[in-house]
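One chain comes next, on its own, written out as structure tokens in the form predicted on its own.
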């Protein structure tokens, strides 16, 4: 089955917000074994919506439309869809009562324009919205289905799997396939190098699709198999996955929905270890990423941003003479920072990073992008130098990723950090 995607809103075409719904819908379609034939974004304009519907319906069996279902004057999607298909509009009294009840429960002031969210094209099937006030709807035209849901990402994330997907599967039962995927997350290797590493693998012959997706600072390699039988798809992915791992194992740090932060959290918790972090050029980014994991207080004792030389000296005990002789960005300082934060916090591990994020501050000996990362465990301290080549923000992200990767490898018992 081919699916078309239409996102509507002046905020999209004006560049005020990023369109995340299209990516969400496309991923959902892939998981169901459906192909996305095209995706478009248009503003809140009657003619643009009509033309977009016509274009997509010529290429797809089903459409997912998001945006423009709110109460304000510029929310014209419902009326525009009805006009495009020559359908009258009607008020669904049950939906209207539901919206009024929500306003009462949330102690919100009712204004009559909210009743607009209970108006649908004649013959439309209502799609419940468990997260907001604006319900979605679906209309059928010439054997094709058009599902319209709100553009609020949090609402779309609920309505897509709970309302739209079941509707499409019911309308097109013959299109159901089992889809198996495997995602390999890599770091320290370019997209082109990933492609070269697996160039000799006959993925098509294995019945597996392969995709390369840069997601800074990572590169993702995704395998996809679509078959009628679940076990057959799993076997195809297993066979292809073994070939990928044989060629790229040293760069793979996570798979599928795993994140490096979650892997580290599980490793520290399982081993009963505690951690303290000292950051300079990353400005707290490492600690921020670790605290994204629920329950991180079980292993993360503290994170300190020792940005100035004075902070490194006063808080971490780095001797002023070391900074004067070797510099704040040096292997010696990084080591002492890791050991200092560990001793200060009384933790099992100390992780530290210091560097030159840019765009200024570099020298011939230490150009912009020079970063030193150190990890201390009380018995030894490992330090690594990295030469990054990005802008300031990306250098910070890359440095945080490299530091987390060093910690992950240490927890896995690897010797080469």
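Positions refer to the first chain, counted from 1. It should be emphasised that the depicted structure is a prediction, and the values quoted were computed from it without experimental measurement. Each form is matched to the other, and the largest set of C-alpha atoms that superpose within 1.5 Å is called the rigid core.
Keep in mind that the form predicted in complex with another copy of the chain is not shown, yet the notes after this line are about it.
Engineer: Of 305-313, 323-331, 79-87, 141-149, which is the one stretch near another copy of the chain in the predicted complex, taking non-hydrogen atoms within 4.5 angstroms as near?
Structural biologist: It is 305-313 that comes within 4.5 Å of the partner.
Engineer: Hey, in the predicted complex, is residue 406 touching another copy of the chain, heavy atoms inside 4.5 Å?
Structural biologist: Residue 406: no, not in contact with another copy of the chain in the predicted complex.
Engineer: Closest heavy atom of residue 318 to another copy of the chain in the predicted complex, within 4.5 Å or not?
Structural biologist: No, residue 318 stays farther than 4.5 Å from another copy of the chain in the predicted complex.
Engineer: Are any of the heavy atoms in residue 387 no more than 4.5 Å from a heavy atom of another copy of the chain in the predicted complex?
Structural biologist: Yes, residue 387 is a contact residue.
Engineer: Taking the shortest heavy atom distance, is residue 252 within 4.5 Å of another copy of the chain in the predicted complex?
Structural biologist: The answer is no: residue 252 has no heavy atom within 4.5 Å of another copy of the chain.
Engineer: Given that another copy of the chain is left out here, which of 266, 245, 258, 288 has a heavy atom within 4.5 Å of it in the predicted complex?
Structural biologist: The residue from 266, 245, 258, 288 that makes the contact is 288.
Engineer: Considering another copy of the chain in the predicted complex, which of 227, 274, 165, 224 comes within 4.5 Å of it through any heavy atom?
Structural biologist: So the residue touching another copy of the chain in the predicted complex, by this definition, is 224.
Engineer: Just to make sure I understand: among 373-412, which residues lie within 4.5 Å of another copy of the chain in the predicted complex, judging by heavy atoms?
Structural biologist: Stretch hits, in order: 387, 389, 390, 392, 393, 394, 396.
Engineer: After fitting the rigid core, is the C-alpha of residue 157 off by 2 Å or more between this form and the one not shown?
Structural biologist: Yes; that C-alpha moves by at least 2 Å between this form and the one not shown.
Engineer: Examine residue 406 after superposing the rigid core and state whether its CA is displaced by 2 Å or more between this form and the one not shown.
Structural biologist: No; residue 406 is a residue whose C-alpha shifts by less than 2 Å between this form and the one not shown when the cores are overlaid.
Engineer: Is residue 357 displaced by at least 2 Å at its C-alpha between this form and the one not shown when the rigid core is overlaid?
Structural biologist: The answer is no; the displacement is under 2 Å.
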